[in-house]
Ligand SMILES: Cc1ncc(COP(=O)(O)O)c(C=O)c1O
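Take a look at this one chain, the form predicted alone, written out in structure tokens.
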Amino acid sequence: MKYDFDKVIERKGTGSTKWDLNEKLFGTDDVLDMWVADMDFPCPEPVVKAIQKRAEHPIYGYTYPSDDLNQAVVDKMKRDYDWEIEKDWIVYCTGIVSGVYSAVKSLTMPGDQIVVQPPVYYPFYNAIRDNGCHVVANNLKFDGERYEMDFDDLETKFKPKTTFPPSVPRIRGLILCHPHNPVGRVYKEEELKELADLCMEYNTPIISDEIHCDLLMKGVEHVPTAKISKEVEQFTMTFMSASKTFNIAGIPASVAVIPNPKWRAKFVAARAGQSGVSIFGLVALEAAFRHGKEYQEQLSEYLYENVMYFKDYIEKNIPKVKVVDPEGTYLAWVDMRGLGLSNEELREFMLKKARLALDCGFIFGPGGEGFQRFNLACPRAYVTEALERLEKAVKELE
């Protein structure tokens, strides 16, 4: 079927985190919401029908992942990424954030260290600190155009300290965001290999958040980190979900693929008490993975056009700000340092002058200062309105 992504669907009054909490979160309802990463598009019809069919049965008791769902996950990995996995490797979680929490817990003791690559998805910091561990920042390198991993800095962080007595904390894992939220990088195979070689050399497991793996710009391919080699496969916990691509974050279900049996057992033990994925989450996940390809292809085309429209408009009309070329996700990472505003001034400017509710760059950690993250997974009318508001506000600064 043909999906109409231009159609504006009213979400206020539906308990939407994105649209119904403006007064509480931003102090005003006079803003256009382009912050939290869910889409303003309807879910795929096969997902809606699958949920409706299951809802017709009047008993919603305890449930479990079926073998059909396991097969749907296996089939998707092979079909979309040419990655052959085994059903036994699959563990289901309520969401990727809860999965990352459990992964950190399974690999560490309080006082240990976990590497992140800022500016990066901010719940990673909480997943580390809430487990009693310390954040080690391996900042991405940015040349004004493109972000790269800093392997020299990473190796420096990995190397044992030579002071005596030796420092007690050591790095027990690295959280990789691939595709990267918020900067939009989709790492190439050679980059992933260099990262994995370093991690294996220093015995540092990789926790790979690949939730945006289906959301790619034209000509870009996603390579799962674990697919680099059989050795890397055993050294990686991979997290994927249907929630971003098919807009079902409100009925959460995610997939952890953990080939290493020892790590898988520790992960399962660490998530004790958090293992119950809902009936509708499992149903939606299977329907999306089995029958969502048509929707995904149309969505990708629309998102690409939104991103290009957004980028071209800013280049022509708001030259003081700059869009970092995204390779994946539906998030635009926008450099606003040219406006000469502090973090707080920029936040107030976006809310009160541009009347846009966005994610401020500084919440993503070091390197995010002076940036704003825009969610472009919305009808083009919203993108146009946001651009016009931003242009007007910037001109009033001059």
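Quick caveat: nothing in here was measured; it's all calculated off a predicted structure. Sequential numbering from 1, following the sequence displayed.
Keep in mind the form predicted together with the named molecule is missing from the figure; the text below concerns it.
Only one of 220-228, 240-248, 262-270, 283-291 lies within 4.5 Å of the named molecule in the model of the complex by heavy atoms, and it is 240-248.
Contact check for residue 97: a heavy atom falls within 4.5 Å of the named molecule in the model of the complex. Of the heavy atoms in residue 37, some are within 4.5 Å of the named molecule in the model of the complex.
The named molecule in the model of the complex is approached by residue 212, whose closest heavy atom lies within 4.5 angstroms of it. Heavy atoms of residue 77 never reach within 4.5 Å of the named molecule in the model of the complex, leaving it off the interface. The contact residue chosen from 187, 121, 89, 147 relative to the named molecule in the model of the complex is 121, the criterion being a non-hydrogen atom within 4.5 angstroms. Taking 117, 204, 102, 181 one by one, only a single residue has any non-hydrogen atom within 4.5 Å of the named molecule in the model of the complex, and it is 181.
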